[in-house]
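Single chain ahead, by itself, as structure tokens, in the form predicted alone.
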């Protein structure tokens, strides 16, 4: 019996890595290949004027081939979610590669043509619903004025002020719901995301909460963290959201402006591709010591986290997961956060201290002061799933589908590698 071959469709993929969903797709793909021996291929997208529209190129920077389709920058509205030329290219790729399963992981811009192409070849399809692309044409449920729309459930009649053409919006939603009915399994990164999609009318045949993994701390992390905390005990707050209203930057700034103490540091991560997030920002008028940390890769993240004691996560919208929070918690870092959807579905400390979206700066300031005053500033690391266990979970979820198409026998349990799990225990929570 040969190992399964899965074709993953994701908007971006290495070497064009950008965004949390792409990190998840890359890490799970590698884990499926390395831990389970699966053959993995990828379909992703770029948008370049120096390449013919819809040309497909193969790029391979590691063990996983990435077939990149060039999407024209200006496409009609309907082609953003259902593109016949993407479907045609995906169909040719599927016929050439002959995968056993198609995983539509994060397919905004690519659209549902990937699903249609897989179905025409008789392949099982798994969809992972990231962000709110399946129920919101603006993807994040963020209104044109930059505020979270807050609908629950999503009612298209309320979307009238946010979209340009209600007729197009209704057609999009109808076609996406029909596509969802054609897939074999839909996964969500959190119970919050699943329940909101349910209440908004997205009702797939089969579904599961497939919680994302994170990169666990590497060897030496806790030793370096302890050394830094011993030699430089000044509390350090960290923030990774950029100068964005929706991520809560104005709230952070106002909260710190009102502080009457300065015995702390703040480290701001710059996640931009060109180092521009904080380029024009001034911090001299704020209390404490403020510094910017350059963009870091998955391999480099420990260098950022070992210098952080408290993560600030005052997100002003309901997010579906929150990778950053899990990365902090598994490294023994406290989190100050809002009650922002799937981001609170963890077992970390201080969940009883989350404050609501839209709270005034005084609420965040009170949490900052509490963090500075508490006698137990450094919590124990929290067990959260890593990418290996996420890949193991995926293999279990799709086993019935592969059994049908390949006649695969029951998959043997996988011995999970836990060398970097601070708790030493299996961390699956999905």
Partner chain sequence: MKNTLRRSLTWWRNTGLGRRGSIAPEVTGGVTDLTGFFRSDSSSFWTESASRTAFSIPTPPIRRQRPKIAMIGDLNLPQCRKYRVEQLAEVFAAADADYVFSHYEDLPRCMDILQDATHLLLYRLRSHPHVTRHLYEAHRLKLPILYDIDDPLFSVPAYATYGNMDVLPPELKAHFIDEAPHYAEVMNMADVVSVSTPVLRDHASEFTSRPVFLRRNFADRSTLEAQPRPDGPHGEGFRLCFASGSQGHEVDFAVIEKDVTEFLARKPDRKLVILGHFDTRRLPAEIRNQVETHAFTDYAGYLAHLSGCDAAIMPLADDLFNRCKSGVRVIDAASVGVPSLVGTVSDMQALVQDGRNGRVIDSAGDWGAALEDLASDRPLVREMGREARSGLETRWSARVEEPVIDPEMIRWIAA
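Please read all numbers here as calculations on a predicted model, not as lab measurements. Positions refer to the first chain, counted from 1.
We do not show the form predicted in complex with the partner chain, though everything after this point is about it.
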item: Among 355-363, 313-321, 229-237, 133-141, the region lying within 4.5 Å of the partner chain in the predicted bound form by heavy atom distance; value: 133-141
item: Contact test in the predicted bound form: residue 245 vs the partner chain, heavy atoms, 4.5 Å; value: yes
item: Contact test in the predicted bound form: residue 145 vs the partner chain, heavy atoms, 4.5 Å; value: yes
item: Any non-hydrogen atom of residue 174 within 4.5 angstroms of the partner chain in the predicted bound form; value: no
item: Contact test in the predicted bound form: residue 375 vs the partner chain, heavy atoms, 4.5 Å; value: no
item: The unique member of 68, 368, 391, 382 whose heavy atoms fall within 4.5 Å of the partner chain in the predicted bound form; value: 68
item: Whether 4, 92 and 164 all lie within 4.5 angstroms of the partner chain in the predicted bound form by heavy atom; value: yes
item: Interface residues of 30-59 toward the partner chain, as seen in the predicted bound form [heavy atoms, 4.5 Å]; value: 39, 47, 48, 49, 50, 51, 52, 55, 56, 57, 58, 59
